[in-house]
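Here you'll find one protein chain in two forms, each presented separately as structure tokens under the names structure 1 and structure 2.
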Structure 1
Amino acid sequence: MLFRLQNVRKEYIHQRGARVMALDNITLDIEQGEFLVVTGPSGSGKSTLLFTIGGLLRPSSGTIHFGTLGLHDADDARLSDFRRTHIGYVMQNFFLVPYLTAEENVMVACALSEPEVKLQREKSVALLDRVGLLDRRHHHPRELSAGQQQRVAIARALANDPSVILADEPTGNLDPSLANDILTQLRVLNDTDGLTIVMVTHSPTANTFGTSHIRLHDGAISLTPDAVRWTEDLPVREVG
């Protein structure tokens, strides 16, 4: 078991005192090599779940374990180390550093584990080559199309040889053909590199790229991977 979430709750308290239960008693196991697709309506807690799994957000209660590491009570240094070592992020808005070139954006992620600039550059070049952007490595994000920016983000996500890719609406800002290209690349990473992928998406077509599927509704799982191992022709079923 790669991730084990037990009775995870996440409650946001807004400025006017309003409480919102973003995750409500989530219990979930994610296996090594799984490509888990998380769907659900807006505000159902998909991104919160992803951030919680990724060590970006601590749950209000419950436990999250990555192997033996308890993410729910780890301090900032351990969580930062966990993100740096094990997790690659691919986000809807790409989150590239605007003043760095494509190559430098990948190098920043490498820098945390590889102090040698020459080696960082070599790795960055190899990764950009892998996503088909070698000729654009000196371009800044504003000089790249949305699809190209997302491919840089994928290259950056792979910079530290992570075991997990967390993708939050990775095709949300892309047209269908580019979206398919990005999803295919994620699928290849899962199939050939054995990376565990957790992808949050609204896209019905994106569902087809996963190996399992959960659906969230009001912060709770309404369709579990244990209940349904997702296949292309199996319709999503609302439960509970």
Structure 2
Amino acid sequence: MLFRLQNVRKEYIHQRGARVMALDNITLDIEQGEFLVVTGPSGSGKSTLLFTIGGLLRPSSGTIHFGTLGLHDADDARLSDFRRTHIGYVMQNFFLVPYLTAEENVMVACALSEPEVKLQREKSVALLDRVGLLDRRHHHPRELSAGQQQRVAIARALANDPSVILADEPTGNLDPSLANDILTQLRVLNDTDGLTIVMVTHSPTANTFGTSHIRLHDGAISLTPDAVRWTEDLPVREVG
């Protein structure tokens, strides 16, 4: 078991004391090598779930374990080390540094674990080759298509050799053709490298790229037949 969430709640207090339950009693296991797709309407808690799994948000109650590490009660230093060592992020907005080349953007991430510039460059080149962008390594983001920029972002996410990729609407800014390319890239990482991926998305097409699927509604996992639509390639998850 890679992640185990038990009775996780996340509550926000807005202005004038209004309370919003972003996550409501989530119990969920995520296996090593799983490609979990999380869907649901806007405001259903998808991104909150992703950031809580990634140690960027602390639950209001409940427990989250990564192996034997309790993320719910780890201090800031331990959470920072967990993210640096185990997590790679791929976001809807690529967040590439505009004045750096593709190679340099990946090198910035490599520098977090590799102090030698020569080795940073070698790893950056290898990662860009891995996502099919070796011939674009000296291009700046403005010289790349949106799909190519997202592939640079994927290469950057792999710089720390993560255990898990957390992808937040990774195809949200892409047209269907480019979106399919990115989803295929993620599926190859899952199939070939056994990399665990948790992806939140609004895209019905993206569902078919996962190995499993849950749907959130009002911060809870929806178990009604109308709320969850399974395909032949998408087995029903055991939850709760």
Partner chain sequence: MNLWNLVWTEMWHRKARLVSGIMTITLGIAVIVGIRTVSSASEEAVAIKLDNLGANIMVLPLGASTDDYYAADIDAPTFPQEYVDRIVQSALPGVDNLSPKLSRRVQIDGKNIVLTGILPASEITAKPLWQASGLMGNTLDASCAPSNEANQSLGYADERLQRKVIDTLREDECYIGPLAAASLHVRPGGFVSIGDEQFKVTKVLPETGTVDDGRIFAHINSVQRISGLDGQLSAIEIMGCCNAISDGLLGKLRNILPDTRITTIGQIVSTQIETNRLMDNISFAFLIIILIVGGISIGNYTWANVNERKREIGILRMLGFSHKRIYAMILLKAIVFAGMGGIGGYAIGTAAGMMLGTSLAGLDISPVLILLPMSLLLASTISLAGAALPARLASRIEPYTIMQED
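Residue positions are counted from 1 along structure 1's sequence. What you see is a predicted model, and the numbers here were worked out from it, not measured in a lab. Under this definition, the rigid core comprises the largest set of C-alpha atoms superposing within 1.5 Å between the forms.
- Note: the form predicted in complex with its partner chain is the first of the two, structure 1.
- With the core held fixed, the Cα of T101 is displaced between structures 1 and 2 by 2 Å or more.
- Superposed on the core, the two forms barely differ at H86: its CA moves less than 2 Å between structures 1 and 2.
- Remark: with the core as the superposition reference, the CA shift of H72 between structures 1 and 2 stays below 2 Å.
- Relative to the superposed rigid core, R137 shifts its CA by 2.3 Å between structures 1 and 2.
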